[in-house]
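First comes one chain, alone, set out as structure tokens in the form predicted alone.
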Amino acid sequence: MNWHAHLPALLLAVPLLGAFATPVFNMGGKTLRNAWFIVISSSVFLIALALWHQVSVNGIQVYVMGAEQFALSLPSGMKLPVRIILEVDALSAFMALAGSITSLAGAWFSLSFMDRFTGLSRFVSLYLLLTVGMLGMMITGDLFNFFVFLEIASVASYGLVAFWRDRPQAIEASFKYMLLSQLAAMLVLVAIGFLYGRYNVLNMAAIGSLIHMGIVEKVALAFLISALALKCGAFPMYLWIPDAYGEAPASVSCLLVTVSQASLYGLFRVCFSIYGLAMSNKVVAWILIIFGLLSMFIAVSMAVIQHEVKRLMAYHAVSQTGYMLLGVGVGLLALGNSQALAEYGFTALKGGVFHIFNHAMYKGLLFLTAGTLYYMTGTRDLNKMGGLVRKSPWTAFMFVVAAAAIAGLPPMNGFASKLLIYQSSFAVHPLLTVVALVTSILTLASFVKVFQTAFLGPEQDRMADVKKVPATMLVGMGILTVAVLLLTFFPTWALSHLVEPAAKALVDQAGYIAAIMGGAF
């Protein structure tokens, strides 16, 4: 049996097995459970890496559940794809690789960070289920299964955000997230119902091959954009993020960053792969651009005034999502115009896509450093911290790396992706670039404040009892630090091997459809 052919299924099956087998391994004690957690998380990363390599070499991978030949997407000579289909192109593989890295880093970090709490068997199961939901959203080729994986990720998130159930704020954050997520899920389900009622198929490629714009399609598109913008935390639907990210354990906040990006991926897949040139791309593009500008500026303005470190970083997560929306929105604006696509559109797409990967790495690292500060001091209040660079210089170093990256300081990886967005958005209108630059300046000011207060400021009286940072937490942060530095030192390689193939896959609607439909339409 060629196991490489089963990589898309294994990417979901392995963490799913890990989630449901965790209670069994937990009976063998903490060491066995932790070893199982790391083995599963490492396996998921290796599978995602192998899948990305396979897509890079062989092109789009299509996996059909129940098919005798897994390369066949239309089973038994049928004209419509009726089985569950996983579709992994360069964009899907790119997203899955980013998600698996943050999941692995969070798993290592959790071993010591969560050690002082009870119910860790349930924590590991929910964490792995959250990973399953995130990865499923990224590689499914079916709209209804996208909804199913969206719900799996959401339900797991509710439990993880409220994991510290002795904190009323955590329960409130989880409840708020649950209400808004259910609203988004219902909008997605209604939109799917509209499209299914019109075309009698649920497969994304099949819908993309048939779609023509009418009232039903426009309503479905409006519902999908609204719901997925809410789930990825775009303005003005971001209000759940500061509470959820702020109250969840740090490793969960790290993973929630890429879970939100899975919704962002869904939004881009809907706009490019399903609707594509059939829709009025200028209207939708400007909606994404406006969402992006407002998310950037308003969220960073809120971040500057925060004194609770995780809440500050949560607002920055919203702000950075704005860069991705701006970049992909500018790229969508050029869709269908080969000259505009060549002049600025593809550059914008590369910037937006590159920023997704960069953001997953440095924002995940920032949340882990925030968790480390809490572990060391027992407080999240910056005003009660100080002098921590002497207590944990490695944490200070990794924080500086992540802070420089998110602020877009050259030569960090965040600068590379932001520069592409600046250049392309300037070609549309200089004001877009001005807003993006001002946001970066405010981001830098915000993280200078954090570093000065927590690491360089005068040592508080309570800092005498600071805890030593365990090795497993340093390993978790180190994984993401290495990723940030690799992207920083090898930007050309990252652009040519990671980013450009993903951006090309995003605009290649015909290739996406042909891979699954096989010329049936």
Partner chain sequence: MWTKVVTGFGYWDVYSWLIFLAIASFFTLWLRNSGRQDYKEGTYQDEIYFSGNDVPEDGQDISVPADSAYWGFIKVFRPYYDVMLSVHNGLAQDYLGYFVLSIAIITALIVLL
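Numbering follows the first chain given and starts at 1. Here the structure is a predicted model, which means the values were calculated and not measured.
The same protein also has a form predicted in complex with its partner chain, omitted here; what follows describes it.
Under a 4.5 angstroms non-hydrogen atom cutoff, its partner chain in the model of the complex lacks K391 among its neighbouring residues.
Put simply, T488 is close to its partner chain in the model of the complex: some heavy atom of it is within 4.5 Å. In the model of the complex, at least one heavy atom of P458 sits within 4.5 Å of a heavy atom of its partner chain. Under a 4.5 angstroms non-hydrogen atom cutoff, its partner chain in the model of the complex has T492 among its neighbouring residues.
L187 is the sole member of A404, I289, M398, L187 with a non-hydrogen atom within 4.5 Å of its partner chain in the model of the complex.
Listed residues Y245, F94, F268, Y315 were compared with its partner chain in the model of the complex; Y315 is the one with a heavy atom within 4.5 Å. The chain is drawn here without its partner chain; in the model of the complex, the stretch among 172 to 180, 320 to 328, 360 to 368, 101 to 109 whose residues come within 4.5 Å of it by any heavy atom is 172 to 180.
Annotation for 213 to 228: interface residues with its partner chain in the model of the complex are I215, K218, V219, L221, A222, F223, I225, S226, A227 [heavy atom within 4.5 Å].
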